[in-house]
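In the block that follows, a single chain appears as structure tokens, in the form predicted on its own.
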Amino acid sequence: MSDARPVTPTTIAAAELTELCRDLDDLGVPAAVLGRARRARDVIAGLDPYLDECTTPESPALADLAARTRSAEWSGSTLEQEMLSGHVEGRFLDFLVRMTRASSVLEIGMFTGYSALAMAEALPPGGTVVACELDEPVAAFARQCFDASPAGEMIEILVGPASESLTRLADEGRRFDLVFIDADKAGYLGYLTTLLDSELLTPDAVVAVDNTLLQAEPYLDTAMSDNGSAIAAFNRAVAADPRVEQVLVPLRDGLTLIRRSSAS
């Protein structure tokens, strides 16, 4: 298994600053200038490890799931270990479940199940997580991990296109207190629109949307990838929608919290 590549604003900046420090050292710049560059690198590079250190440890089941994901072979696939939500974001989602007192959670885009299991561990007795995943082998991988945890019994997996799963859930009259979206970026706006236009959300429901900083692409003056363009468009649409209020939290690769506006 290779080390995870930088895929968040902080890890990308840390990698760039590390290269910059190396180049400045080769150029023989004054020690004071090199020292300032190294200080900037250390501020950025040390942030994520410090967040990990100061956050409540993950459960043994989550640690095992993360280890399995990182040791799996993803080459030749559109999937990669960097898609794992991870320790700090998992704990954040755990807090969201507890703070909102959610008993019914919907996840759109499960991957190997770290976030689903983190939220399930925070549910009250009788609570459920419905996790939508397009890739059947990945869903099977997640199910094996869930089966090793008591909280895994609270997770229901729906395999197939998320749009079809949302229609099915709406037809069944299912409603959710918390929704976590972490799927195909081009589909984000459609998923949110479906949630807002249907009865899938309870009155005080919160929708959490992952990767809304998308490797810093939406706010950099550079050419964007298709995913970057999709996230930039999504962020603009949410900010302009009078039905909702939102806050973009700079956690990992960006996490936007959305709820229906109290004025709507």
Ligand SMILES: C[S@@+](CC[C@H](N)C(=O)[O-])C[C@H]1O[C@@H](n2cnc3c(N)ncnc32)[C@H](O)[C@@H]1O
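All of these numbers come straight from a predicted model, not from anything done at the bench. In this text, residue numbers run from 1 along the sequence as written.
Unshown form predicted in complex with this ligand; subsequent notes refer to it.
Does residue 138 make contact with this ligand in the predicted bound form, using a 4.5 Å heavy atom cut-off? Output for residue 138 is yes: heavy atoms within 4.5 Å of this ligand.
So, in the predicted bound form, is residue 124 in contact with this ligand at a 4.5 angstroms heavy atom limit? Output for residue 124 is no: heavy atoms all beyond 4.5 Å of this ligand.
Verify the contact flag for residue 111: yes if a non-hydrogen atom of it lies within 4.5 Å of a non-hydrogen atom of this ligand in the predicted bound form, no if not. Yes.
With a 4.5 Å heavy atom cut-off, would you call residue 83 a contact of this ligand in the predicted bound form? Close contact exists here: in the predicted bound form, residue 83 approaches this ligand to within 4.5 Å, heavy atoms only.
Among 148 to 156, 170 to 178, 97 to 105, 84 to 92, which stretch has residues with heavy atoms no more than 4.5 Å from this ligand in the predicted bound form? Selected range: 84 to 92.
Check each of 192, 142, 162, 120 and return the one that places a heavy atom within 4.5 angstroms of this ligand in the predicted bound form. That would be 162.
Determine the residues of 121 to 142 with a heavy atom within 4.5 Å of this ligand in the predicted bound form and present them in sequence order; the list may be empty. Sequence-ordered list: 132, 133, 134, 135, 138.
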